[in-house]
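Next up: just one chain, as structure tokens, the form predicted alone.
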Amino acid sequence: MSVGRETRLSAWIERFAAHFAEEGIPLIGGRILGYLLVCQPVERTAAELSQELEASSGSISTNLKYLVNVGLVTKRTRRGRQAAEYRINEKAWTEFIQRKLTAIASVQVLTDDGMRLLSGDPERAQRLKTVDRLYGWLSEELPALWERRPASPK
């Protein structure tokens, strides 16, 4: 790849990491995810990730453990090779999004419970009602959207 493309990819990996940091994935974990989504070959050792991402081996190790535990990255060892290799678990993204959709539905259950508790006090319930309507709408609309998603990779 050209140097210009690599520079743009590095910037994209940073944007990717920053996005997922807002969703609770550590910044270096997001960098690992972004890198593993676009690197060639598709598998990398922890040492290679440390070098490519200019991050300490400890930080890479900690974040790889986290990403493997949540299922977004897989770890593979091979006979005759000391270092484990890591790659993106493409199938896990569906589960990742499903957990987020489930979390949205659970907020709607909470707001609905709160609305019942405040049923005789419309002034206090107004802010909660706004949130309840939004999450109620999402809980109704997202399942149909989810059913139309593209098939997962095999």
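In case it trips you up, residue 1 is the first one in the sequence shown, and so on. In this text the structure is predicted, and so the values were computed from the model without any measurement. The term rigid core refers to the maximal set of C-alpha atoms that superpose within 1.5 Å between the two forms.
Below, we refer to the form predicted in complex with another copy of the chain, which is not included among the displayed structures.
- Interface residue among L27, L118, A55, V68 relative to another copy of the chain in the model of the complex, by the heavy atom within 4.5 Å criterion: L118.
- The shortest heavy atom separation between A47 and another copy of the chain in the model of the complex exceeds 4.5 Å.
- Although the partner is absent from this view, A21 stays clear of another copy of the chain in the model of the complex, with no non-hydrogen atom inside 4.5 angstroms.
- Taking the partner from the other structure, another copy of the chain in the model of the complex has no heavy atom within 4.5 Å of any heavy atom of L64.
- Put simply, T94 is close to another copy of the chain in the model of the complex: some heavy atom of it is within 4.5 Å.
- Taking another copy of the chain as positioned in the model of the complex, the residues of 36-62 that bring a heavy atom within 4.5 Å of it are, in sequence order, L36, L37, V38, C39, Q40, V42.
- In the core-superposed comparison between this form and the one not shown, T102 has its Cα shifted by less than 2 Å.
- Annotation for L138: C-alpha shift of 2 angstroms or more between this form and the one not shown, rigid core superposed.
- Remark: with the core as the superposition reference, the CA shift of R87 between this form and the one not shown stays below 2 Å.
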